[in-house]
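Just the one chain here, laid out as structure tokens, in the form predicted alone.
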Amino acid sequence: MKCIKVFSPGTIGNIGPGFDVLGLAIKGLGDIVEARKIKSEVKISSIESEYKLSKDPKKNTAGIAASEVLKLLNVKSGVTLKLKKGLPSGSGLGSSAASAAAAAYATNYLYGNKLSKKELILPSTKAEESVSGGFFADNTAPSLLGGATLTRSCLPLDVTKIGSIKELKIIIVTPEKVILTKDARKILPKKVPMKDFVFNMGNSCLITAAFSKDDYKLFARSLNDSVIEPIRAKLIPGFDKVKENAIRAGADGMTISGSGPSVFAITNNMSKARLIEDAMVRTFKQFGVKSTSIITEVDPVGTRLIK
């Protein structure tokens, strides 16, 4: 096998109250990695992206993930990668995780496909750690496995795929503002009031039940975050008004995707979804912020080969 192409979907990290624990793969957005074997080392030959990204394999999550997989396989040969970015950096949609997941999967596949998708979460997460400032799998895990995932522990890494919700329509709006994960983590509180901790824990548990039971109504009751959202919302111009108007337009909830600035609202009705999308985009515009938007669904498959 000379060359393969792999697609990894974008993700929504945290899913509201599930900070560093819950994650969700989404359709329609993601990264593509084209990979082939070479005699030694990892190289990134090209990057197709609107943003300037390093082709140094030690500074790019795709290159780092590929190197980590080669170590796990105990392979002395190498791989060269071509990266096509379908996700903007610093958007809160798992951009660095998608690159890592695609490169890890491609490298493993080229060298015998000996590691499972679950086993690829660790090298992918190590790669994302290099740029995010923390070790968490709420983006890499769903990007690889598809659906929604729960990370019980990071050391040792313990991840479970918890399912999908077929009815779920997700309205994602990305304002033209870059928020790096490492910066968004720096502003988080060191201490959390017990009542807020219990509130978030209850909602996170209900989200897990919702995805495991494919129950939209349960999910609609649980997309509430009293710990992280109030802090990170300050980084997103017009957030409170966008949320207010999204719910007024029919959304059953809205919160921040990952570390932001992307936000997402939910419904189970496509006609409502279009109204919600319009309300969110127009509200950002009222605050002088341009944005892009997409109405999407859960990606149940995750990382895969493409023609």
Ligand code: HSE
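All values derive from a computational prediction rather than experimental measurement. All residue numbers refer to positions in the sequence shown, first residue = 1.
Below, we refer to the form predicted together with the named molecule, which is not included among the displayed structures.
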Verify the contact flag for Lys82: yes if a non-hydrogen atom of it lies within 4.5 Å of a non-hydrogen atom of the named molecule in the predicted complex, no if not.
no
At 4.5 Å between heavy atoms, is Gly13 in contact with the named molecule in the predicted complex?
yes
Give a yes/no on whether Lys161 approaches the named molecule to within 4.5 Å in the predicted complex, heavy atoms considered.
no
Lys169 within 4.5 Å of the named molecule in the predicted complex, heavy atoms
no
Looking at heavy atoms inside 4.5 Å, which stretch does the named molecule contact in the predicted complex, given the options 130 to 138, 99 to 107, 192 to 200, 69 to 77?
130 to 138
What residues, if any, in 233 to 265 have a non-hydrogen atom within 4.5 angstroms of the named molecule in the predicted complex?
Gly258, Ser259
